[in-house]
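Presented as C-alpha cells, the chain that follows is alone, the form predicted alone.
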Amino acid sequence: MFKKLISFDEAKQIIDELQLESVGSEVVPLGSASGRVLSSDVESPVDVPPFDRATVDGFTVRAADTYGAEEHDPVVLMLKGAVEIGEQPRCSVGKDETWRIATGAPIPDGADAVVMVENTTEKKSEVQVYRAVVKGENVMKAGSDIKKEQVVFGDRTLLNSRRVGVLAALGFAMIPVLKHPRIGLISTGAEIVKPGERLPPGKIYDINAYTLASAITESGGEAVDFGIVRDDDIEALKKVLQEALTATDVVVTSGGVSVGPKDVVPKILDSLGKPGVIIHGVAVKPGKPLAVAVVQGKPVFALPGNPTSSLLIFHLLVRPVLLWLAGRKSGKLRVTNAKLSRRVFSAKGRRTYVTVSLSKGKDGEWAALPVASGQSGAITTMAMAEGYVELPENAPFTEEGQLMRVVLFEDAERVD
C-alpha cells in the first residue's frame, strides 16, 4: 500500500460516495435540546397566542363606540372594571362600556379593540377617550403568530436558544432529535502519554485525542475515547479497533499510517473485513499518509500522527461526514480574502494547505501570515492559525502580495 497517491478531489469523491446509514433518533427533554437536530417535522398542538390578547396597556372597547373621539371632544365610556392577566374574562363589553386591561390579558367578549392608556383620562367610573380606534387595533388575534397544526420547524432543523423558546411556547416538554453519531477515538504510538500522568523521558503527551474529540463535538458527534495503544502491539491494536467498530458509528485513529515499520494501522484495517482500506495516500500537504477504510459497513479514518496534519485533514475530509451523520447542514464555508504577507511554496505534485493567521494593515485590508509548520509535531501551528489557504498542485510557489481566499476555522474571531 501507499505506492500511488490519489488526488485530493478523488479522495473527496470516494468519501462522498460512502453508503452511510442513519444513526437513528431519540426523544430528549426540551431543556437539553439546544444544539440537537430535529428528527421529524414539529407541528404546533395549539394556536399561539391561544386567545385574542391586548398588545398595550389601556381600555378594551367596541371600536364603533370610539368613533368621533377627538382631543378636544372626547368620547365618554362607562368603566365597568378590570380584566386580569392569566384569567379567563368573566365579563362582556356592552355598548358604551369599557374595561381596564393590561398588555397580554385576554380580550373579553363584545370587545374588538384596545385604546392606549395614553389616549384616555380615567375619572371615577368613566373613561374619556381622545382618539378613536378601529376594529382589531392593539389586539393580537388567536393563532396570528402560529396556527394549530402548522409545521413550525422542519425535519433536520438545528435547535438553538430561540427555537427552543418557540417549542416551550407550544408546550413541548420532550422533543424528537437525531442521535449524536458516536465516534471512536484511538491514539497509537509508543511515545505518547495521557495528560495528567507523569511524563517519562522521551515521551510526549497525547494531543490528538483531545483536539480531535473537540473537533468531533463541534461537528455534532459524541467522541468515545478508546485510549492509547502502542503501535508495536498488533494484537492489542486489532482488539481495540474491533471494540471501537462494535461500539461506535465511525472510528478515527491517529498515527501509524505512514511507511515505517510500526505504521501498521492500514494493514490491520485491511485484515478486519472487506472492502477494508479504500484510500491510502493522498496527494496533499500536510496529511499525505491518510488512510480510509470501510469495515463492518462503518468508515474508519486513519489520520497522521502529526497534530497539525491530523486536525487539518479532519477539517477537510472527516468533518463533512460527521455533519451529515449528525443531520447538520454543512453550509457555506466561512471565507475572507487576504493578501499573502510572504511567498509560500507548494509541495511538488501535491495540493498544499497553508495555515495562516490574519491581521489588518493600515490600509484596512486583511493580510494572511503563514504559520510556520515545517517542524513535525509542532503544536502551536493550529492554535495560532485562523484559517488556511489552498495552493494548487501545479504552482511551485505563490508570491507575496497575492490576494488569496482564506477558509476560516469555526472559532476564528478577528474577521469581520
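Please read these numbers as outputs of a predicted model, since none were measured by experiment. Note that residue numbering begins at 1 and tracks the sequence as displayed.
The form predicted together with a small molecule is left out here; the points below concern that form.
For the options G184, P266, G327, G305, the residue carrying a heavy atom within 4.5 angstroms of the small molecule in the predicted complex is G305. I192 is the sole member of I192, L311, V295, L322 with a non-hydrogen atom within 4.5 Å of the small molecule in the predicted complex. Within this chain, F345 is remote from the site of the small molecule in the predicted complex, having no heavy atom within 4.5 Å.
S254 belongs to the set of residues with a heavy atom inside 4.5 Å of the small molecule in the predicted complex. Mapping the unseen interface onto this chain, I204 counts among the residues with a heavy atom inside 4.5 Å of the small molecule in the predicted complex. Heavy atoms of S219 never reach within 4.5 Å of the small molecule in the predicted complex, leaving it off the interface. Of the candidate stretches 131-139, 275-283, 145-153, 184-192, only 184-192 contains residues with a heavy atom within 4.5 Å of the small molecule in the predicted complex.
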